[in-house]
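Starting off, we have a lone chain in the form predicted on its own, written out as structure tokens.
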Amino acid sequence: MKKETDLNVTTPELPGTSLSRRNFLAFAGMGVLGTTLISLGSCKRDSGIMPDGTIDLGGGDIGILNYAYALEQLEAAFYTKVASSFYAGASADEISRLTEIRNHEVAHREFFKNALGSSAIPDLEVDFSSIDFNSRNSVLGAAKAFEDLGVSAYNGAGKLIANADYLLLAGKIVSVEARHAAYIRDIISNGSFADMEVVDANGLELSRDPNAVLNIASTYLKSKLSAKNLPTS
């Protein structure tokens, strides 16, 4: 196993910032859980690239973690573009908060990438052609869609995770994603952070299965993903 100092990664989206594995764990509050995940780097996915170029996420817990990694790649790419040139009229609070969210998503993405190691899917190609990054309404509308989707994805995948440590990890990350969603919803429409679009009459958050999530996410991806080997129960 490499020493931690050998695992430093310079993230292009954050000029001059080096995110080490220690920083990933501390940032996400994962602590010793990262030690368990590091072992994934020695595992191989069940499958890889399919003949038509579709990326197979793999099976079992590794497949579920790759599923989460794919969504974190998408969110990190979106917020990185937002923060590279903010829409006209962005308030100081919006700039600060959206930059923080960018940092969270980049940390999540890099954590999964390094923890999965050779088991990780490749970098995904995104397609943000439907988003006008110069428009506040378009950017915040997309941010709301991404955050609500991410929370529902983690909620839907929780029952599919076999390893309790990985379930704990997912719980810690979805908590952060829910904070993002609440903030975005409230700056769009104050008080909408827990409306009936995302919370049902029983006070439970919306959940989606992987196929439903990937179908929605495909709008923003050039890369094609397959969940055919993911567990279903």
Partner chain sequence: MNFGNILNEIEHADPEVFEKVSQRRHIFKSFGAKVALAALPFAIGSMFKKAYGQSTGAIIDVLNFALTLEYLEAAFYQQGSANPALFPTAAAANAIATIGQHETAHVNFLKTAIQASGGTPVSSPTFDFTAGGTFPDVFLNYQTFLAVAQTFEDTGVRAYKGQAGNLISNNDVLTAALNIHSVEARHAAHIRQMRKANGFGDVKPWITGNDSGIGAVVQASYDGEENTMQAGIQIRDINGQAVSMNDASEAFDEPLSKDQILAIVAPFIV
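Please read these numbers as outputs of a predicted model, since none were measured by experiment. Residue numbers count along the first chain shown, from 1.
There is another form of this protein, the form predicted together with its partner chain, and it is not shown here; the text below is about that form.
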property	result
Any non-hydrogen atom of Phe78 within 4.5 angstroms of its partner chain in the predicted bound form	no
Partner contact for Val199 in the predicted bound form: its partner chain, 4.5 angstroms, heavy atom	yes
is_contact(Asn114, its partner chain) in the predicted bound form, heavy atom dist at most 4.5 Å	yes
Residue contact check: Gly158 to its partner chain in the predicted bound form, 4.5 Å heavy atom	yes
Residue among Asp123, Asp127, Glu100, Asp132 with a heavy atom within 4.5 Å of its partner chain in the predicted bound form	Glu100
Partner contacts for 170-188, taking its partner chain in the predicted bound form and a 4.5 Å heavy atom cut-off	Gly171, Lys172, Ile173, Val174, Ser175, Val176, Ala178, Arg179, His180, Ala181, Ala182, Tyr183, Arg185, Asp186
